[in-house]
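Take a look at this single chain in structure tokens; it is the form predicted on its own.
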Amino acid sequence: MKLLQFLLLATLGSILCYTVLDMPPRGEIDAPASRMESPVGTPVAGAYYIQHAYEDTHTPNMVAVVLADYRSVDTFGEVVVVFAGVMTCFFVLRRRRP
């Protein structure tokens, strides 16, 4: 059983290393994440966020703009899920034994 676990871990580790080595260097202009248009010619959402963040919200912090303004409904949903998990753990662990 230990040999199977080790082989699975080694396989996943090698896949991870292969994937990371295939990534472009950080900050490369030609990286897919830095492009203004997708390969099919449509604009990328990230380019809009970078170009219009201050104009839309008048907030200098771009990360706060994306999380609080552009993705506020998604962020609120994540907060609700985390809150529900915390409350569930609280009530399960709070049970008194007879």
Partner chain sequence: MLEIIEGYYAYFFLMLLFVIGLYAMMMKRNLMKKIMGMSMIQSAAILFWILSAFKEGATVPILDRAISLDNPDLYLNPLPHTLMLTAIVVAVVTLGVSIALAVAIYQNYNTLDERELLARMEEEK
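Take the two forms, find the largest set of C-alpha atoms that superpose within 1.5 Å, and that set is the rigid core. Numbering follows the first chain given and starts at 1. Quick caveat, the model's predicted, so the values are computed rather than measured.
The form predicted together with the partner chain exists for this protein as well; it is not shown, and the discussion that follows is about that form.
Taking the partner from the other structure, the partner chain in the predicted complex has a heavy atom within 4.5 Å of a heavy atom of Asn61.
Not displayed here, the partner chain is approached by Gln51 to within 4.5 Å at the level of heavy atoms in the predicted complex.
The shortest heavy atom separation between Gly46 and the partner chain in the predicted complex is within 4.5 Å. Contact annotation for Pro39: none of its heavy atoms lies within 4.5 Å of the partner chain in the predicted complex. Residues of 10-24 placing a heavy atom within 4.5 Å of the partner chain in the predicted complex, in sequence order: Leu12, Gly13, Leu16, Cys17, Val20, Leu21, Met23, Pro24. Once both forms are fitted on their core, the CA shift for Pro60 between this form and the one not shown remains under 2 Å.
When the rigid core is held fixed, the Cα atom of Gly27 travels 2 angstroms or more between this form and the one not shown. In this overlay on the rigid core, Ile15 has a C-alpha that sits 2 Å or more away from its partner position between this form and the one not shown.
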